[in-house]
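Only one chain is included here, represented as structure tokens and corresponding to the form predicted alone.
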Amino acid sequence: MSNLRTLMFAAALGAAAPAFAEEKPVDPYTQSNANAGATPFTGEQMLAAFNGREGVARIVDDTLDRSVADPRLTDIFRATDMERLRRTLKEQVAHLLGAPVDYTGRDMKTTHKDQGINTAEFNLLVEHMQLAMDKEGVAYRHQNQLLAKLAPMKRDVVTR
């Protein structure tokens, strides 16, 4: 049975859909919200401006879909566990926006140390995120507030 038919059959039965890829193991690390790289916003206003955790999920998925499809960024994602990246990036953004969510990913320096990301590639990723936030209807001022929180992470992400 094809994967699509298997998923449709599982969905019809109310069963959990099978995973497409197994999560790749990473070196052990201490899980901490400090690994998210910034202090979260307080209150519920910022999370609400991004349409809650559901909006964050859509923004992250759209950002990553755009980035993976961009031939200028393809090499960055070639060996990436996209399932893990989607999960931890959703956690990170939601956590920073003040959601009651723990970030389970590694710190930015460790995560990006072997990826060889340059400034132009970093800027493209930011551009894709801005387009995703626009699509989600996030006000420009709220976008800027989040981007200002993420911007200092550039020094840990850009390694060449």
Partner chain sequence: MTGKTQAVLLALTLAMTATLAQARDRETSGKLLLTGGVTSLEGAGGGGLATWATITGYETVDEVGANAHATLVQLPDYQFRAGGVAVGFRDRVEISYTRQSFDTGDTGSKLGLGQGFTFNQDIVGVKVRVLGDAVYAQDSWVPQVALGVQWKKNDKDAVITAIGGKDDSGVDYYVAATKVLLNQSLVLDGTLRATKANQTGLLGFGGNKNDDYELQFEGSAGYLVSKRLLIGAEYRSKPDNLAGLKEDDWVDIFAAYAFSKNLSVTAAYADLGTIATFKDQRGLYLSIQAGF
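Numbering follows the first chain given and starts at 1. A quick note: this is a predicted structure, and the numbers were derived from the prediction, not measured.
In what follows, reference is made to the form predicted together with its partner chain, a form of this protein that is not presented.
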item: Within 4.5 Å of its partner chain in the model of the complex, all of Phe41, Gln130 and Gln145 (non-hydrogen atom); value: yes
item: Candidate stretches 119-127, 57-65, 105-113, 89-97 - the one whose heavy atoms come within 4.5 Å of its partner chain in the model of the complex; value: 119-127
item: Residue contact check: Arg78 to its partner chain in the model of the complex, 4.5 Å heavy atom; value: no
item: Its partner chain contact in the model of the complex: Pro152, any heavy atom under 4.5 Å; value: yes
item: Residues from 48-78 in contact with its partner chain (non-hydrogen atom within 4.5 Å) in the model of the complex; value: Arg72
